[in-house]
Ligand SMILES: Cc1cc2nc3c(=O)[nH]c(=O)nc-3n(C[C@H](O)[C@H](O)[C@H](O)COP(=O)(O)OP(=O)(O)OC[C@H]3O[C@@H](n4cnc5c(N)ncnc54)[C@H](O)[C@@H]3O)c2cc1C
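For reference, the chain that follows is the form predicted on its own, supplied as structure tokens.
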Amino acid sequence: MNKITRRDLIKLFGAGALSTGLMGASSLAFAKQSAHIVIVGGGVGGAASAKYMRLLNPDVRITIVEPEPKYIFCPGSNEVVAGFDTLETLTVDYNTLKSRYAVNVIQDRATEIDYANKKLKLAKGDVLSYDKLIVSPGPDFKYGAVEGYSKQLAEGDFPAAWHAGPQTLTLRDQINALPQGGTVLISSPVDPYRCPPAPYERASFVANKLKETNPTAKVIILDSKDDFIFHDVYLDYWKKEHGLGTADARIEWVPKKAGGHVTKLDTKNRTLTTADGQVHKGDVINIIPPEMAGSFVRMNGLAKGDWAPFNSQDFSTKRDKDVYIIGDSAAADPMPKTGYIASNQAKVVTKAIQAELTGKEIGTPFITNNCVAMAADDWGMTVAETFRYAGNHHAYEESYVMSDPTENPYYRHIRAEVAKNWQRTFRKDIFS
């Protein structure tokens, strides 16, 4: 088992550092009798939970269970598809969480919760006891929603590229190899799904690249919705830069009401068929499937339907008060499924756990979502949302301010710079 012991830390930093808590953890954080906070998933929600739990409490033991040795941020992966960033830029490891925040990271897959005995079983055979369990495994795809599509095809010639990684590079390479005058089909899913503006950002980036390298090619977005976030801004951009609505348009958007909902993939003929029978042929086909809670959530009885319900004040699950659910698997409507939301849900959960451990009242949660997107390097957009707990176990009350189309290039440029800096600072907030 990959475990940092007190002896290991003394070797690295000396006994004085531990005794004075210079790394944020006291000697109690390594004692068996201390409260043990176990976290399933080392993505944004899980890592934020570990870091902020340590900042709140130097005495608890904290363990993350995560099968992958590194994490690749999804925010920024559209830049990789377009070819002006790399996966290496988006990749982080767990060394800082281990060394600076004394978090034990176990590289394994969590399989089963023993609710009665408060234990977590792992795929390699280990069993962890917990006092509090935070579940943040991210979503799974519903490949079967599109006839003919599958996980195997997504990992091959028809990448979804919605979890940043090898599929991102496959899609990038396919677009680079697109024949002159070719067509890229992007299928956008029904709500809710991770990062709502991302399909339209991706389409914009790809169209911008084609404008330079393959100007007679086009991008067609086949949408399972009639509306989406930043709708007015994207349509304004596409009209100005890519001739949307004209015979020579480089980008087309087909909403659901116009027959955009994709139902079938034909791999042999490289076509997508929509609900009203329209057939679209593509040289590159990028299907973003609808999503549901991760398999760990569903197999452990935490989901109701596609998503996992929770108690609004502290994100404890409906199944067990000592098990918490955050991130994309949670039924958190009206909150969108974004990494930023997951990181702020993590802060609510860790404050609730800290309050319970110290005998204090749980406060009133207030969650923010500062989300960004771009259409081009100098064409950005932002949304600032707040979600306030309404009390008495009601859903959260939402308010927001969102970018509108503007003729002022200065505003568009500033918003794009905000988006770029948001990505960098967000990564640092969670993993440094």
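From 1 onward, residues are counted along the sequence shown. The structure presented is a predicted model; accordingly, all values stated were derived computationally and were not measured.
Omitted here: the form predicted in complex with this ligand. The next part is about that form.
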Fill in the blank from the handout: Among 279 to 287, 234 to 242, 82 to 90, 109 to 117, the stretch whose residues bring a heavy atom within 4.5 Å of this ligand in the predicted complex is 109 to 117
Exercise for the section: Answer yes if any heavy atom of Arg194 is within 4.5 Å of a heavy atom of this ligand in the predicted complex; otherwise answer no. Expected result: yes
Practice task
Answer with yes or no whether Ala293 is in contact with this ligand in the predicted complex, where contact means some heavy atom within 4.5 Å.
Solution key: no
Handout entry: Non-hydrogen atom contact Glu385 with this ligand in the predicted complex at 4.5 angstroms
Key = no
Practice task
Give a yes or no for Val349: in the predicted complex, does one of its heavy atoms lie within 4.5 Å of a heavy atom belonging to this ligand?
Solution key: no
Fill in the blank from the handout: Interface check vs this ligand in the predicted complex: of Pro189, Pro159, Gly260, Gly339, the one with a heavy atom inside 4.5 Å is Gly339
Exercise for the section: Just give me the residues of 60 to 84, first to last, that have a heavy atom within 4.5 Å of this ligand in the predicted complex. Expected result: Val65, Glu66, Pro67, Glu68, Tyr71, Cys74, Pro75, Ser77, Asn78
